[in-house]
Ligand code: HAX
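Just one chain follows, in the form predicted alone, and it is written as structure tokens.
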């Protein structure tokens, strides 16, 4: 049944299902296929995984990869936008240190909008992308009360290096951290138009709220345990396993299933094979941390869990997804507090959601933009009259 048929054959069974599978629009930045996973502007993610975040941001906004000259100019453009407006640190200093980092991120994005909003969809989206590395680094510093000797923001650095320069963790290899974070950002930047955070951000923007208010709404959606916070839960799950012995890992997985607890890091709504984003992270891990204890655990888990999960005929894709390896790699490079992991997801998604908001507000319908989102809800007693 095609999308047109779906639109013409809605029944009461389609109600109260979270709009799952119900087409509501088109997406110019990305799509997902069962075989190759997410594609950015037509390119499968496996071809993009090791490129720079700046070049992928260019791709999402321009719908083509940059040549060398365009890449250089775009990096300069982002650098020119990167300085935070005065007043951001004063707001961060008022926030409770026990608040979740995603709440800090949402408030930080709102703060940027209140201090310097251009009310131009594209300008504000790019400004937010350029300023987020410094903002996120400061969130780490203020939330952890590491307020002395904060390095100045070096706007000549790439986006990721500006974050690692600001957070300034000791006894780490910044080059390896930069590489892990760059790969993480590229793999997480976009994932079609219908995931909760992207849809939430676009829905808020459809009421002509600012990019900043829209993105804060998207981050709030991402913060939930069923969405972006799953990557935090996945690494906590890996730590609970506590072994890389195959028999013990299998016993652990079976025990979780028997207790009706989730086996994190496996399965995908669309894919029918291992997520290429997981494959890319495993390849990176084999290069930089093959002997790391947690990496050895997920290496075994990658082999064991699909075999156990596939015993359930209702599970159509028992294979590893993007969350399985990301926490292990982040932990290896010194980012050991899993509460922060969703903020990296949010950092990445700001690019994809920002590009989609710009498309929906300035490109769609010959530049008129998508109307305000207003799905129809039906009084329960009227359902039969309207649909069945």
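The model shown is predicted, which means the values in this text are computed figures rather than measured ones. Residue numbers count along the first chain shown, from 1.
Although not depicted, the form predicted together with the ligand is the subject of the following passage.
In plain terms, the part of the chain that comes close to the ligand in the model of the complex, with a heavy atom within 4.5 Å, is 260-268 out of 169-177, 134-142, 260-268, 109-117. With respect to the ligand in the model of the complex, the three residues 125, 153 and 162 uniformly fall beyond 4.5 angstroms at the level of their nearest heavy atom.
At the 4.5 Å threshold, heavy atoms of residue 191 reach the ligand in the model of the complex. When the ligand is considered in the model of the complex, residue 323 lines it closely, a heavy atom lying within 4.5 Å. Taking the partner from elsewhere, residue 309 is found to have a heavy atom lying within 4.5 Å of the ligand in the model of the complex. Of the heavy atoms in residue 230, some are within 4.5 Å of the ligand in the model of the complex. Put simply, of 254, 240, 208, 316 only one has a heavy atom within 4.5 Å of the ligand in the model of the complex, and it is 316.
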